[in-house]
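Take a look at this one chain, the form predicted on its own, written out in structure tokens.
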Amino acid sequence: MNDGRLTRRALIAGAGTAALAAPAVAKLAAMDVIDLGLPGGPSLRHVNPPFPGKGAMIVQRIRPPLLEAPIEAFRKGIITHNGWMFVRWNWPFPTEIKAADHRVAVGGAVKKAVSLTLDDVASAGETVSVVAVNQCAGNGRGLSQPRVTGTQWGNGAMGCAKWTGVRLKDVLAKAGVAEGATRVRFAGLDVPLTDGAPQFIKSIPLDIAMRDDVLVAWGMNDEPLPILHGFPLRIVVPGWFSTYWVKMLATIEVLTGEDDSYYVADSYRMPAQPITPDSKGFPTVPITTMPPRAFITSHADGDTVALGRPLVLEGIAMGGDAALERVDLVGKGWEIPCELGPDEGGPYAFRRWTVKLPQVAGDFEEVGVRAKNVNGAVQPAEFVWNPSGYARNVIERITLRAE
């Protein structure tokens, strides 16, 4: 959809120098902590160091920052406030950027290589906005049993925002895509921490890159991208995991073959078929699209509810790479359809759900919500383990005690 609130003119006029203040690491010892309830390892995390523009975030790592949203971020509406959007960086990134000096190089299999200013990018086509969930491929990894390696996220490595920019295909048109093109690859300004380590580079198939809703974005919830979220430009690929949403975009390269870069060919991959923890030598496929997921946000595991009184449960759900079709409240041997709220954001956004129970007759043991999208994909009842904890979408269950 088109949007007039964060226009190209506003972008160019307002994009001066963005800077990131250093967090006060010394104060962390005095901060509050939260227990993520992770079954396979340490669960306590510090909360709310002074990252600029951020609210009370769960701190997984300081440098480069890995910040997880608390459940409070998802209790109202479908849009995640910028101050509560999760943060994920693989490598350190510049803490100050002068937008006037920023360039995006477009090359590879193109008719003419170009170096684009921010104004060039913003004027490549019409201004477009898309509401979409941005979710780390490892969201919920810390809940894996047996434990897996990687950041031990709870379920807060996600968020839903309104992203504003221009279509990627319009930016590509500035250079002209050559015959034989197969993929489009992106790199940002973040750099490896050690010599010889791979740069964070990702690519998507050409047909995905040419979709009308895949953006080079400068806006997030009607504000310029915060530096923690990729100022001045980032890629937005609705329905795909955020590993492809490259931040601080600096280069766009059109490929004519497969992508052999580390973060496509060797990392961010999962088993092609279900495996067991002792499996070895199995084929893998890259992480790409998101599956459907649903969460109870009105109550937490172990909460008490009033015996004999009505109960209202609420939460959010998403269809992943397709629109949400339905959400069901499920328990041990029973299920109840939930009422879906209005479709405010479109197929790639969160959607609210509600279920009203007339009377609490006893404890609710391991109750959860199950999402299904219009393509027929549905959350499984049993956890499908993989060695990186990617693409978790098992039904998340809690227990409520009646008193």
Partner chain sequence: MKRIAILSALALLAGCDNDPAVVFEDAGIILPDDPIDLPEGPGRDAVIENCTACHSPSTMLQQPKVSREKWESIVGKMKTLYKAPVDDAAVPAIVDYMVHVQSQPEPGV
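All figures in this text were calculated on a predicted structure; none of them were measured in a lab. Residue numbers count along the first chain shown, from 1.
Below, we turn to the form predicted together with its partner chain, even though it does not appear here.
Put simply, G196 is close to its partner chain in the predicted bound form: some heavy atom of it is within 4.5 Å. Mapping the unseen interface onto this chain, V33 counts among the residues with a heavy atom inside 4.5 Å of its partner chain in the predicted bound form. In the predicted bound form, none of the heavy atoms of Q273 sits within 4.5 Å of a heavy atom of its partner chain.
Residue contact check for V305: none of its heavy atoms lie within 4.5 Å of its partner chain in the predicted bound form. The contact residue chosen from C338, V59, A69, V367 relative to its partner chain in the predicted bound form is V59, the criterion being a non-hydrogen atom within 4.5 angstroms.
In terms of contact with its partner chain in the predicted bound form, the residue from A99, A109, A250, L206 that brings a heavy atom within 4.5 Å is A99. The stretch in contact with its partner chain in the predicted bound form, judged by heavy atoms within 4.5 Å, is 146-154, chosen from 313-321, 146-154, 181-189, 251-259. Site residues G230, W353 and I395 are none of them in contact with its partner chain in the predicted bound form, judged by any heavy atom within 4.5 Å. Residues of 122-149 placing a heavy atom within 4.5 Å of its partner chain in the predicted bound form, in sequence order: A122, E126, T127, V128, S129, V130, V131, R147, V148, T149.
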